[in-house]
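Form predicted alone, single chain, as structure tokens, below.
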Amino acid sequence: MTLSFPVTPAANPRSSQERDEILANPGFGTNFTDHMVVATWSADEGWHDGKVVEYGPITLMPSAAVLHYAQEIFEGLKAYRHEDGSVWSFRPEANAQRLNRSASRLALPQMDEEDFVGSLRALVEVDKDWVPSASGGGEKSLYLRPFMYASEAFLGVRPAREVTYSVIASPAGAYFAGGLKPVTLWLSTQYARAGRGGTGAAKCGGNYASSLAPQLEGIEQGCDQVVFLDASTQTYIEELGGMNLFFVMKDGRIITPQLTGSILEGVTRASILELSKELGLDPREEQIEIEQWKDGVRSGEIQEIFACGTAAVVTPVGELKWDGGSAPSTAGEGGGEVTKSIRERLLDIQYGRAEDIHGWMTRLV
């Protein structure tokens, strides 16, 4: 570990009463803890000047490269309070590895896995009172958002020689405020999320920005999320704007779209591929044509469909709509039995209610 994170306590932390009011109904991504992690990388010094400081505005020069060329990446994971009061994270080393894959694609510096996990531990240690209690239900957690961006003040088109890394944290309730119910999806045929050779496999802001216009289109059609197809043929299912997809087949297979370089490799996705074996399912990574979806739900070949990601965990998928048609939902009110079983198993591991036989949990505090 090359970085350390000395703490400068916040001058104006939230009162315990205000914090408790937020934790009672945290929502998602609207409130933030009292501190944040900051570290700097330069071409001359490498990573240095790690610290924990008061959460607050970031100062950037108007010529900072990130504002002009979008050279930035981020991650998302959660801290979970267990019954004994300890705080744990789910597979943070996988997030560290994905951060470095994203960094390679965006020409940003690599970060040691120990430094990445150390930055999470440093922030959660100082803001541990912001991690919601394990009691009371509601799937509450502390959402952690590490991110890295080109902070060098320079307008030339080249990799930045100065980069800033930061971690912020936000107490989180359920991602979908309406509770666990099937989401209706809009099939985007006018837009693509990412193309061959692009940044689809990296977790960078540009991929999410490109999903917003089709997301608005979906909302106008009464849908919750958007499904993207491959950019070159508009034939194969890829992912939603921020979640991976799974299809539970009648014969016991559970299929997720094969990674092609334009799909983000989700940590939850990888975990479900492992967990599904324990449920007696046959996990597959395959290319899936959109026509297979349309035909499969009508014939009964596809019995359940769900989406997954760090924020939403596992969410049942309902009706699929497109311009001129729709495919019916396979989900009941709370999703199918496989969907619910996988979701429950994941949550039980994350919240310490089940034995972690995979070694996925890392104690932070």
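Just so it is clear, the model here is predicted, and its values are computed rather than measured. Just count from 1 along the sequence shown to find any residue number.
Just so you know, the form predicted in complex with a small molecule exists too; it's not on screen, but the next bit is about it.
Participant: Taking the small molecule in the model of the complex as the reference, which of 327, 64, 36, 311 has a non-hydrogen atom within 4.5 Å?
Facilitator: The option sitting close enough to the partner is 311.
Participant: Only one of 145, 294, 101, 253 comes within 4.5 Å of the small molecule in the model of the complex by heavy atoms, so just point that one out.
Facilitator: For this set of options, the contacting one is 145.
Participant: Evaluate residue 28 for contact with the small molecule in the model of the complex, applying a 4.5 angstroms cut-off between non-hydrogen atoms, and reply yes or no.
Facilitator: Contact with the small molecule, yes.
Participant: Taking the shortest heavy atom distance, is residue 76 within 4.5 Å of the small molecule in the model of the complex?
Facilitator: Although the small molecule is absent here, residue 76 would touch it in the model of the complex, with heavy atoms inside 4.5 Å.
Participant: Can any non-hydrogen atom of residue 208 be found within 4.5 angstroms of the small molecule in the model of the complex?
Facilitator: It does: once the small molecule is placed as it appears in the model of the complex, residue 208 has a heavy atom within 4.5 Å of it.
Participant: May I ask you to check whether residue 203 falls inside a 4.5 Å heavy atom distance of the small molecule in the model of the complex?
Facilitator: Although the small molecule is absent here, residue 203 would touch it in the model of the complex, with heavy atoms inside 4.5 Å.
Participant: What stretch, of 38-46, 65-73, 302-310, 329-337, brings heavy atoms to within 4.5 Å of the small molecule in the model of the complex?
Facilitator: Looking at the other structure, the answer is 302-310.
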